[in-house]
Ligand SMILES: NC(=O)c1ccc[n+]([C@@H]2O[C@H](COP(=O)([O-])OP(=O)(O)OC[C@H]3O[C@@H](n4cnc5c(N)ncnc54)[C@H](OP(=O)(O)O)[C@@H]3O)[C@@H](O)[C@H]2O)c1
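Form predicted alone, single chain, as structure tokens, below.
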């Protein structure tokens, strides 16, 4: 199978590329070819693909949403990196004589918005008018418009991915120094997934023709922020009781901190579970132990 990936040099995309190359030919559309996994084909322009038939597309490109405060220009860059790349893919796919059999496009659990509470959230639930929710809704709509007729579309709503890097890398230093703890009330939910599991889930979606539409990429046992802090402290064998007050989060990070750090819904992987996907890491502590051991 010839698989085209955007975001193939990123936190998820790089290990995904390395895994897919065991059985498939992988083409990575990127700006930095030197960062592409050895053995994959790097292209800086879709025109460089030529007449090669593309059997599957995995669209993961996008600026890091939690890398800095959300100024107006930062919000525009976050939106453009997602919607612009997806629209460009759609325009290119429309010129191809043979459409791919499957198009997997990134999204996030931010789709579900900021509502608080402990009610379970599945792919059937909607969002609100927050920046992260509107961003994901517009990104998914752009993917629907980009997807050729007859191509199966999967919209991957990703939670907090635990691996060597990403969100956990930002948390590790303060927790290792005994300075970690809950953020705000600590009651907000933190739907998470091990990096190995999201790579496996994407491969599962490539192969399972039953899979389509929104799919939550989260482990089946989400935890509260307070539970996450306690588990990380236990794994690192450090105290984890120093809270970061909500006012400090808002002062330091603004709207980004309010939406991404102080809010969170209890998102469950209803579709993946119904399809029979097996998570290698169902509990947070086992996932943290595995990642930190590596």
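Residue numbers count along the first chain shown, from 1. All of these numbers come straight from a predicted model, not from anything done at the bench.
Just so you know, the form predicted together with the ligand exists too; it's not on screen, but the next bit is about it.
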Check: Given that the ligand is left out here, which of 57, 61, 229, 26 has a heavy atom within 4.5 Å of it in the predicted bound form?
Finding: 61
Next item on the list: Using heavy atoms only and a 4.5 Å cut-off, determine which of 151, 141, 81, 71 is in contact with the ligand in the predicted bound form.
Entry: 81
Next item on the list: Indicate whether the candidate residues 11, 35 and 108 are all in contact with the ligand in the predicted bound form, with contact defined as any heavy atom within 4.5 Å.
Entry: yes
Note to self: Please tell me whether any heavy atom belonging to residue 42 falls inside 4.5 Å of a heavy atom of the ligand, as the geometry stands in the predicted bound form.
What the structure shows: no
Notebook entry, point to check: Does residue 132 make contact with the ligand in the predicted bound form, using a 4.5 Å heavy atom cut-off?
Noted result: no
Margin query: So in the predicted bound form, is the ligand close enough to residue 222 to count as touching (4.5 Å, heavy atoms)?
Written below: no
Item checked: the ligand contact at residue 159 in the predicted bound form, heavy atom, 4.5 Å -> yes
Check: With the partner removed from view, which of 114 to 122, 175 to 183, 81 to 89, 205 to 213 is the stretch that lies within 4.5 Å of the ligand in the predicted bound form, judged by heavy atom distances?
Finding: 81 to 89
